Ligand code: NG6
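As structure tokens, one chain now follows by itself in the form predicted on its own.
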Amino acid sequence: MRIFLLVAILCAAPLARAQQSPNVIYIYADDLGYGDVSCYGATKISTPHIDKLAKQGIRFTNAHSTSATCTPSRYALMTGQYPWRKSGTHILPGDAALIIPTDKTTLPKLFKKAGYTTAIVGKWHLGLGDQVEKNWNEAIKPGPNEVGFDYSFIFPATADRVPTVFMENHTVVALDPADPIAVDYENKVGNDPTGKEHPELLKMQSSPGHGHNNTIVNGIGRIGYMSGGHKARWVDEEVSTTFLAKAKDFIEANQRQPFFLYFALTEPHVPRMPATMFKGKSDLGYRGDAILQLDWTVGEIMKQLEALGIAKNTMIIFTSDNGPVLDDGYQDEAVTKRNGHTPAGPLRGGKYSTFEGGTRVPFIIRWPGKVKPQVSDALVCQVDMLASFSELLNQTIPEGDAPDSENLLNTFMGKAQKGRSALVEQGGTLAIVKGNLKYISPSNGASYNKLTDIETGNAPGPQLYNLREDIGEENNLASQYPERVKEMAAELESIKAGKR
């Protein structure tokens, strides 16, 4: 009898440990706007699974990525540092070197230090290797594994950039030694047709001027040139379900021990080529169909957690890397079938913009029994994940690491209504939000991006907006309150100088 009880206790030990430390799944959508989901006001599209997540947790209405584009936002999430502090954190080409430091605290390293098994599944776009020139036909290091992930299943950059391959840990999946891969972003390699030379081969036409007319893969022109690796090239319609399968495999394999999963989805980033079962289902073109696919994917993860009996001990964070864009390089009916949909909701701007539409994004946290359902208007940012989880996991961050991350654990848990005192937003230029006021620094850049039909937020003079009264940033108050402009400009400069 004693032996039986001892065996039972030992078998239950991993589960008991898991109940002390919550599993964490960070679901990162790609280019999903504030107004793209129905729980944030969308009426032309329904996202029931994301809505359910919001109903069961906290829905933040003033949550931000640090930046209005993908690479810098992801850099901030991983490092706890504003990306504009480091050069080379702009949108990376597919052959870029790794920009995440391997000798600093990162979000996955924090979880590993706390005894978690960690994984990334999905989009990476933070560079690989220690230089641009790399051999794609052998192990490539450093990468996700070297910055804290025990397991990684990724594509290197974005779906519209070569190489269009999956990588598992350090190597390309389905490599064929007889068909070696070569990648170049300056000069054409190999004999594969390009969208520029053979537009008749495209099943989705590229928009003029965006650069999506290089090597054709799966009937879609990409940015950059690629040769070889024909067996390894993925099919766009299967990318999302492949990532989902890998994410579910990881969850099932680690259900009895604490795990951190960074699940970086590709929807609704271009090229939008959803699985067949979602095509034509949204009445908003392929972009809307991709959002439906994203919502379904979230639902599949939620169902799996319930089936495994670990939903109550799993925190899910759902958000997006930046604001929305309709025409971002392909003619996929996102514009022509907009049908009154407003991807940024009441916000001005979108992806690439310093206006709120660039960085204010959906942000939902669900942890059953620990986080009470509510709506919060606290000012929070993804850069704060690192410091906040250091508190939750009782792990210290070395001096100098994660310098811009603030401990907002009580806010993220719904126990406090106060968020950040100030936040710097990065779009075409830098802006600072403090309380209800937002100051956008002067810039000589173009005020309007013709290619994407998005206002950038750039202007030669200062801009000041009261976001509580004017969330659409229509009424520039700079001339009425010059002293406030001066104060906020000085604070922005102080933050840039690292003095606070």
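These numbers were taken from a predicted model, which means no experiment stands behind them. Start at 1 and count along the sequence shown; that's the residue number.
FYI, the form predicted together with this ligand isn't displayed, but the following is about it.
Exercise. Is there any non-hydrogen atom of residue 30 lying within 4.5 Å of this ligand in the predicted bound form?
Worked result: Yes, contact at 4.5 Å.
For this session: Answer yes if any heavy atom of residue 69 is within 4.5 Å of a heavy atom of this ligand in the predicted bound form; otherwise answer no.
Result: Contact check for residue 69: yes, within 4.5 Å of this ligand in the predicted bound form.
Exercise. Does this ligand come within 4.5 Å of any heavy atom of residue 308 in the predicted bound form?
Worked result: Residue-level check for residue 308: no, no contact with this ligand.
Problem set entry | Touches this ligand in the predicted bound form: residue 210 (any heavy atom, 4.5 Å) | Yes, residue 210 sits close enough to this ligand in the predicted bound form that at least one of its heavy atoms falls within 4.5 Å.
Exercise. Pick from 408 to 416, 250 to 258, 157 to 165, 232 to 240: which stretch has non-hydrogen atoms within 4.5 Å of this ligand in the predicted bound form?
Worked result: Careful reading of the contacts points to 157 to 165.
For this session: Would you confirm whether the three residues 269, 328 and 351 all fall within 4.5 Å of this ligand in the predicted bound form, going by non-hydrogen atoms?
Result: Per the other structure, all of 269, 328 and 351 touch this ligand.
Problem set entry | this ligand: the contacting residue among 397, 223, 181, 216 in the predicted bound form [heavy atom, 4.5 Å] | Checking each option against this ligand in the predicted bound form, the one that comes within 4.5 Å is 223.
Exercise. Which residue, 341, 123, 109, 366, has a heavy atom that falls within 4.5 Å of this ligand in the predicted bound form?
Worked result: When this ligand is considered in the predicted bound form, the option within 4.5 Å is 123.
Exercise. So which residues in 355 to 375, when you check this ligand in the predicted bound form, have a heavy atom no farther than 4.5 Å from it?
Worked result: Result: empty, none.
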